[in-house]
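Next up: a single chain in structure tokens, the form predicted on its own.
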């Protein structure tokens, strides 16, 4: 897997005039990299992540994932790309409150042709990986914040992605739980060679990356 970003720009239109969220951003990511993306609030970190996921369109520039052009793909192509290649880990965990832990992990497979037993076994395997096999039938409200984020990480892995995009995954956690989650992500990165791009405000979290990117007013700095 190789991800190459060339002259990436994103401009938002605002009543007070255009806002340049990203300005000629250039970098590349190799398979197995752990990339941390830092910068102050409003520096363009989340915008960059959303562009890389194809969830928002860049204004100009190219985003190449192997031979696939993310920046110019159709919505249908992008949906297939995300389903087959990308796992997401969010600050808010984004778990469905009325589904159990294992049902939340299985959710991305809802539209797949895999039979239910295979889905269940795959989800159970991932809950074991994150240390929550014994909490598989618990609802999110019955889990701690750290456990909820572990469920979210298991869910991100269910489609066997080559890339995980994480947006402030420790933002709602205390320092001790943050280290647990960061260690888990690093372990997954190293043992499974899954590439991780992680947006973070945390100086501690940024140290987990072997490739560090810092944004200032939409520019690499």
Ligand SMILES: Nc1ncnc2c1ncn2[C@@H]1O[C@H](COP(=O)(O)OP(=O)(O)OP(=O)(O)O)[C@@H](O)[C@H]1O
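For clarity, a rigid core is taken as the largest C-alpha set superposing within 1.5 Å between two forms. Residue numbers count along the first chain shown, from 1. Computed from a prediction, not measured in an experiment: that's the story for all the values here.
Beyond the structure shown, there is the form predicted together with the named molecule, which is absent from this document and is the topic of what follows.
**Student:** Check residue 44 for me: does it contact the named molecule in the model of the complex (non-hydrogen atoms, 4.5 angstroms)?
**Tutor:** Yes.
**Student:** So in the model of the complex, is the named molecule close enough to residue 197 to count as touching (4.5 Å, heavy atoms)?
**Tutor:** Looking in the model of the complex, residue contacts with the named molecule do not include residue 197, since no heavy atom lies within 4.5 Å.
**Student:** Is residue 172 close to the named molecule in the model of the complex, meaning a heavy atom pair under 4.5 Å apart or at it?
**Tutor:** So residue 172 does not count as contacting the named molecule.
**Student:** Examine residue 40 and determine whether its closest non-hydrogen atom to the named molecule in the model of the complex is within 4.5 angstroms.
**Tutor:** Although the named molecule is absent here, residue 40 would touch it in the model of the complex, with heavy atoms inside 4.5 Å.
**Student:** For the three residues 129, 138 and 186, verify that every one has a non-hydrogen atom within 4.5 Å of the named molecule in the model of the complex; reply yes or no.
**Tutor:** No, the candidate spot makes no contact with the named molecule.
**Student:** Using a 4.5 Å heavy atom cut-off, which of 28 to 36, 177 to 185, 45 to 53, 155 to 163 contacts the named molecule in the model of the complex?
**Tutor:** Correct option: 45 to 53.
**Student:** So which bits of 201 to 217 sit within 4.5 Å of the named molecule in the model of the complex, heavy atoms only?
**Tutor:** Residue within 4.5 Å: 201, and no other.
**Student:** Core-aligned, is the CA shift for residue 17 between this form and the one not shown 2 angstroms or more?
**Tutor:** True for residue 17: a C-alpha shift of 2 Å or more.
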